[in-house]
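Just the one chain here, the form predicted alone, laid out as structure tokens.
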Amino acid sequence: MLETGFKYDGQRVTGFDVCVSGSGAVAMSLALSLSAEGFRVAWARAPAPVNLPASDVRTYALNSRAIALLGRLRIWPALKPYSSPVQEMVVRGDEGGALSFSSWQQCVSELAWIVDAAALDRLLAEALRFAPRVEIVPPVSDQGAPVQASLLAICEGKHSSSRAALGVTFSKQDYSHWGVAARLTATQAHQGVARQWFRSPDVLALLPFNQPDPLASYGLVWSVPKVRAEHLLTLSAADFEQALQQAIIQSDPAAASMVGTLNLTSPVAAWPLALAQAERWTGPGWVLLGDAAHQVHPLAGQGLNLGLADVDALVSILKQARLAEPWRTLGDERTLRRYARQREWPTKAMAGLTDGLLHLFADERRPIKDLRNAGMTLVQRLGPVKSWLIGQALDA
């Protein structure tokens, strides 16, 4: 195939329908989804980020929409053994405010699934090896895409070089916080309860997991100021465990006794956090998905959910367009703008929610402290409002 760069001449090409650029879960899910719908796909597998640790300790909290997508791709049955259901979510503020959500209140079997990030990536890559109509091609370079395709789907993450080559501005607000992640076991069973503490200036979450102990393991996600994160990375395992245990005891002594003693079972990893948004997600012959289009704070666990919802929406729109408007190419801007319109509101709403919560709980002023904790208590008492909030997270 001839290299065509990012040029688009408005004509249907005879090569691939879509060139998917990226190496992560969003890129692989998109390639598989398009293949399942009969599209001819070139997977331009970009190199993996260089800052990932050798041992991937990340966990994802996947909502029902994400699980449904993985089910259609036949990935979920193989991923489920590497996952743990969340039956209850308990969120506490710093002055007595508290919120709790349960699956039975929402009339669902679980609120989310905590899944092993490395297992998800591995299973998606294995599935792509046998997917029909998918060909692995060289990565997109400065010279452009390695194949001719009607549409270039850019899923390269927050540092996307293809997005930069298109001249798309990526507005970024650094939080000066890092996300600290690790795997833990506890002396008490987690019972499917996810716990989160807003501790000005940090946010700490323990996510129930099934590895290595199916009943008493956790994935840690701890958003802390950069200096604190750098210090935590220098600690021995015993000192890290002590620092974490002390943080939980200070925040919630009752919960600390229910969790029990925590022990590290993995290395500790950390990375910088930011809020970011591309100025536009689509153009003639190209589209952005996942972190290449938007980045949110992980305190709500919605980053990958938003990316997989992008995949779900784009594939549905392309499928509809192929049936209803066969004279249009897949890269037609009018078709792609439908995708942007559909995904703009839920993405901006989640970004605004996570950003607002982070800044609200970082404020040390007494009136603000009183207001935010009173607000949590009020939402806890208002069933419809609480149900609406969890409903948004279940279907990002």
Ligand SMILES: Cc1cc2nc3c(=O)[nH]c(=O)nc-3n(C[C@H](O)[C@H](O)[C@H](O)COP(=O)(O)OP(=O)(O)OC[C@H]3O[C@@H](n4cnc5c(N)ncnc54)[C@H](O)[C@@H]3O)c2cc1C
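Note that residue numbering begins at 1 and tracks the sequence as displayed. Nothing here was measured: the structure is a model prediction, and the numbers come from that model.
Just so you know, the form predicted in complex with this ligand exists too; it's not on screen, but the next bit is about it.
Checking 144, 93, 192, 139 against this ligand in the predicted complex, a heavy atom within 4.5 Å turns up for just one residue: 139. Checking 184, 151, 304, 315 against this ligand in the predicted complex, a heavy atom within 4.5 Å turns up for just one residue: 304. For the chain shown alone, residue 25 is a contact residue for this ligand in the predicted complex, at least one non-hydrogen atom being within 4.5 angstroms.
At a distance threshold of 4.5 angstroms between non-hydrogen atoms, residue 291 is in contact with this ligand in the predicted complex. Taking non-hydrogen atoms only, residue 44 approaches this ligand to within 4.5 angstroms in the predicted complex. Contact annotation: residue 161 falls within 4.5 Å of this ligand in the predicted complex, judged by heavy atom distances.
Note on the interface: of 184-192, 267-275, 68-76, 82-90, the segment with non-hydrogen atoms within 4.5 angstroms of this ligand in the predicted complex is 267-275.
Residue 221 is the sole member of 206-233 found to place a heavy atom within 4.5 Å of this ligand in the predicted complex.
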